[in-house]
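Shown here is one chain on its own, the form predicted alone, set out as structure tokens.
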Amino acid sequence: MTSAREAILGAVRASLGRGALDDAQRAELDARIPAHTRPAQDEDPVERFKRKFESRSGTVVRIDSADQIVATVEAYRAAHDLKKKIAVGGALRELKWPRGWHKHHDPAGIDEALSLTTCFSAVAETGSLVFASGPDNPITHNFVPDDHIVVLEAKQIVDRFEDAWALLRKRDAGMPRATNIVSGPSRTADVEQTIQLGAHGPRRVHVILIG
């Protein structure tokens, strides 16, 4: 709990003539919080994530190890005839790129076409990627380039949204300043109810799934 929050709650308690709660009182109050309803789900989380993500025009390729990341990115770049210029998240700083590639780890500029990032987790329930902002994870990497490639390990996939939020709360770094949940390419149907991809973010979101 932050000092500012402690101060505010302390002031509220003082105004009510109450002191801090002891463990028994805290447990009693916690027990009153209703548990979230969680829909039944018996599908393999990895398969469900893949199926749901691809149903919204996202793409997924599965590889065996991180050693294959750069080659997989190169195959994607060649398939879409993109330049060898890429904004790379800080967590992937150690990747070795072949000659001819221009990479950087700064926020993505307005002319950025391709980015490669990790994500915090993924949710099988909806086929969504969860991004936690930070110095190594500029939000611009997620939304500025037309093509966003995301490295995801199978073990990062959780069943439901509640599981992802619980993990976020347990982060050593605390809750991020911003959390973005992405369930495929950006799209809109504002114009004549015709689906347009890339309206407010990437036109293509491609997941490299490890494991």
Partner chain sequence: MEIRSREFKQRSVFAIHDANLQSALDRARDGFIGTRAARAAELPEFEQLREEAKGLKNHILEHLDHYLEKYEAAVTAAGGHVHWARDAAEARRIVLEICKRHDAKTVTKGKSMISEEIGLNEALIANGMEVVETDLGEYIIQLAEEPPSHIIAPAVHKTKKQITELFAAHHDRPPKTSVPDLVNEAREMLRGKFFAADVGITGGNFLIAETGSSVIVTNEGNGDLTQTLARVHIVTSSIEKVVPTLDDATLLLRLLARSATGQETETYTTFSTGPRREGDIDGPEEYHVVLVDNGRSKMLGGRFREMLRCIRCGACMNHCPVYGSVGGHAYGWVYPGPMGSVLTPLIKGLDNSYDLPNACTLNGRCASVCPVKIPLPDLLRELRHMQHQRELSPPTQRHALALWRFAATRPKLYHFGERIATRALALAGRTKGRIRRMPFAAGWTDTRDLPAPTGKTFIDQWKARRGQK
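Just so we're clear, the structure is a prediction, and the values are computed from it rather than from any experiment. By rigid core we mean the largest C-alpha set that fits within 1.5 Å across both forms. Numbering follows the first chain given and starts at 1.
The following text describes the form predicted together with its partner chain, which does not appear among the structures shown.
Student: Although the partner isn't part of this model, could you tell me whether Val46 comes within 4.5 Å of its partner chain in the model of the complex, counting any heavy atom of the residue?
Tutor: Taking the distances in the model of the complex, the answer for Val46 is no, it never comes within 4.5 Å of its partner chain.
Student: Using a 4.5 Å heavy atom cut-off, state whether Ser57 contacts its partner chain in the model of the complex.
Tutor: Heavy-atom contact with its partner chain at 4.5 Å: absent for Ser57.
Student: Are any of the heavy atoms in Glu162 no more than 4.5 Å from a heavy atom of its partner chain in the model of the complex?
Tutor: Output for Glu162 is yes: heavy atoms within 4.5 Å of its partner chain.
Student: With the partner left out of view, is Ile86 within 4.5 angstroms of its partner chain in the model of the complex by any non-hydrogen atom?
Tutor: Flag for Ile86 set to no.
Student: Spot the stretch among 136-144, 69-77, 114-122, 95-103 with residues whose non-hydrogen atoms come within 4.5 Å of its partner chain in the model of the complex.
Tutor: Looking at the other structure, the answer is 136-144.
Student: May I ask you to list the residues of 98-120 that have any heavy atom within 4.5 angstroms of its partner chain in the model of the complex, in sequence order?
Tutor: Counting only heavy atoms within 4.5 Å of its partner chain in the model of the complex, the contacting residues of 98-120 are His105, Asp106, Pro107, Ala108, Gly109, Ile110.
Student: Answer yes if the Cα of Arg203 shifts by 2 angstroms or more between the shown form and the other one on a rigid-core superposition, and no otherwise.
Tutor: Comparing the forms between the shown form and the other one, which are aligned on their rigid core, Arg203 does not shift its C-alpha by 2 Å or more.
Student: Taking the rigid core as the frame, does Arg187 move its C-alpha by 2 Å or more between the shown form and the other one?
Tutor: Arg187: C-alpha displaced by less than 2 Å between the shown form and the other one.
Student: State yes or no: after fitting on the rigid core, is the Cα displacement of Glu47 between the shown form and the other one at least 2 Å?
Tutor: After core superposition, the displacement of the Glu47 C-alpha between the shown form and the other one stays below 2 Å, so no.
Student: Closer or farther: how do the Cα atoms of Asp23 and Leu168 compare in the model of the complex relative to this form, given a change of at least 3 Å?
Tutor: Compared with the shown chain, Asp23-Leu168 is farther in the model of the complex.
Student: Relative to the form shown here, do the C-alpha atoms of Pro176 and Ala31 sit closer together or farther apart in the model of the complex, given a change of 3 Å or more?
Tutor: Nearer in the model of the complex, by 3 Å or more.
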